[in-house]
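Next up is one chain by itself, shown in structure tokens, the form predicted on its own.
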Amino acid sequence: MKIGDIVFDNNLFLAPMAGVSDVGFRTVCAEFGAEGCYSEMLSARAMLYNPSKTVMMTITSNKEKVKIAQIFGHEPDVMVKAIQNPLLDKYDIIDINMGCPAPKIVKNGEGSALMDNILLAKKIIESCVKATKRPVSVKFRLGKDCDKSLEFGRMCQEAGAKYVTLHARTVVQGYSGQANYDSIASLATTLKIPVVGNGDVCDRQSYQRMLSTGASGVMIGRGAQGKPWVFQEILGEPFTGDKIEVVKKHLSILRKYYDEKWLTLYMRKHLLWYSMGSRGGAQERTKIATSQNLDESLQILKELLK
């Protein structure tokens, strides 16, 4: 797979996940084979008016192979200023979020709301493409409650996007139900630019099913939560390592940048995801969910993973 001058060794992408895609998680996913790693969603307005918050969200690792910054907003001029912000200089690709279904994002006319304002969406993409020499991509959904992906995908291509990512669910669906792979196939057949498919990929079998749509790339989100080695498994190499060592590495990277109090609360969800698949342990999981000490949580998790 090739995007602009960027050649990918494989076609696996780690999805942008708000409150999940931290630099530690991205690093371990990259080491297991995620070729393209997305930042969390970055607010264009926050980058302009409250950059201190964005600084922590734009930390990257040299282990990430292709770094992709995802920004969201509804004002073309603000989006342009965000792209030109030095905080994004370290990123190889700029991605525009036009698919987030979160009510607070949609209410502001951002994310998936832009699929219902195609003229504004096109202006945003065109403005961003003109503002940078880096490839610009767009991530979107099927539409609010029906499939508009072909029309929207064509517009993205005309506006200058180098590739698009389709999360093949409607906004109404949220993250429920099954992703519509037929829509990904139609988009991949229609567009001349690469299409990355997103939705329900969690193992090698579902990965191969996604590839059968004709998608050039495959994006994994929830399938990697608590299982960053899924990329290695998809590439055909079983994971035989020590899971707790992966968790420790994830945490050790974050400890370089964040204070212990914040990390203790933040890591609870990650630790609970890492515990998935272990038998029993309801009481232990409750302890992790309420823990005030990260080292104690790691010890509990270690016992669970045995």
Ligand SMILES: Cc1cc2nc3c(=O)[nH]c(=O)nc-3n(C[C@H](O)[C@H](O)[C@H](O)COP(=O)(O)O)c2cc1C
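Quick caveat: nothing in here was measured; it's all calculated off a predicted structure. Position 1 is the first residue in the sequence shown; the rest follow in order.
Only in words, not in the display: the form predicted together with the ligand, which the text now covers.
Listed residues Ser137, Ser149, Ser112, Asn198 were compared with the ligand in the predicted complex; Asn198 is the one with a heavy atom within 4.5 Å. Between the ligand and the residues Gln157, Gln173, Ser206, Gln225, the one pair within 4.5 Å by heavy atoms in the predicted complex involves Gln225.
Every residue in the set Met17, Gln70 and Asn97 has a non-hydrogen atom no more than 4.5 Å from the ligand in the predicted complex. Exactly one of the stretches 215-223, 77-85, 119-127, 149-157 approaches the ligand in the predicted complex with heavy atoms within 4.5 Å, and it is 215-223. Under a 4.5 angstroms non-hydrogen atom cutoff, the ligand in the predicted complex has Met41 among its neighbouring residues.
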